[in-house]
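The chain below stands alone and is given as structure tokens, in the form predicted on its own.
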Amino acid sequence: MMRQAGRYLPEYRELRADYSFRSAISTPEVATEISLQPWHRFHPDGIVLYSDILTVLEPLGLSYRIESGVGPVIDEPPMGPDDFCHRPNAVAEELAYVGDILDRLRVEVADAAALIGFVGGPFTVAAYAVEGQPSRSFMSVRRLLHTDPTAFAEMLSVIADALVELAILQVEHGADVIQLFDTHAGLLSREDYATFILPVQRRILAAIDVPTIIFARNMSGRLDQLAATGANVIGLDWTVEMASARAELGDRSVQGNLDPAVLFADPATVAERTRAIIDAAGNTGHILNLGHGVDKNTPVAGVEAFFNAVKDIDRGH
């Protein structure tokens, strides 16, 4: 479940009262405990590394902070590729705590669950960096694409190098699968996505030696572009009709795609809507997930109903 560990859990809020977000994700014993909280409650098939897509900015020479009610803020946004400082081995050195968390998780769960690692997508990381804070339109990075396409492409390449290193670090420390979250890449036109984003995503995913998942929002009608990335699994947001996606993608596995808002409904409705997605996806090649991150105000009962709906299905094996 996207944002599987997080603010909807009372035990998470209790633990986080003593730590800032940045300190929580970079303190291995804390991040390990948070990663395991939903597993202890719901026993899903996979444990999602508790981290953030913007950790990669640290070895790129950028500092960021999390402002309550705003999100990630970068005080000195980069204007081009020269504003990044990517040293060899900087990712392994500065983000060593990510590997430590995965090592601890493997000891805790052994082979009882898959370990799910992730990195941000090149456009989404660039968008947050250049904009300096969350945005609906990310106009600053889109403006850069059109005013200086060479600088934009070079920036993506620098970010991609660091993302590859981070993904490999996670695999070396036991991640069974890596998900690439290029959440905001759907803001670009089909042409710009194909020209600037798709080749970089393909390069990142090709460098990863475990199964991969790609996710981007607002890609309805453009699933062929996600499939062209070479990812093993295509993540679907909740605006995509599951049966249509399966027909379009053929044998390609998919992940998704319950609307996170459904979890606010009564448990019977949550179960009904969850089963409908499972039925539409068919018996093979489907990883059930939300179509985006779980909201912080989601009732725990809704999350529990989501997991129970899957466990109650008899596949005959």
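Source: prediction; values computed, not measured. Residue numbers run from 1 along the displayed sequence.
The form predicted together with another copy of the chain is left out here; the points below concern that form.
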Can you check whether Arg142 is within 4.5 Å of another copy of the chain in the predicted complex, heavy atom basis?
yes
Does Ile278 reach another copy of the chain in the predicted complex if we count a contact as any heavy atom within 4.5 Å?
no
4.5 Å heavy atom contact, Asp295 and another copy of the chain in the predicted complex:
yes
In the predicted complex, Tyr128 touching another copy of the chain (heavy atom, 4.5 Å)
yes
May I ask you to choose, among His86, Arg202, Arg106, Arg222, the residue with a heavy atom within 4.5 Å of another copy of the chain in the predicted complex?
Arg222
Going by heavy atom distances of 4.5 angstroms or less, which of Ile208, Leu187, Ile234, Ile116 would be at the interface with another copy of the chain in the predicted complex?
Leu187
Another copy of the chain is absent from this chain, but in the predicted complex, do Ser135, Glu241 and Pro260 each have a non-hydrogen atom within 4.5 Å of it?
yes
Of the listed stretches (146-154, 172-180, 74-82, 91-99), which one has a non-hydrogen atom within 4.5 Å of another copy of the chain in the predicted complex?
146-154
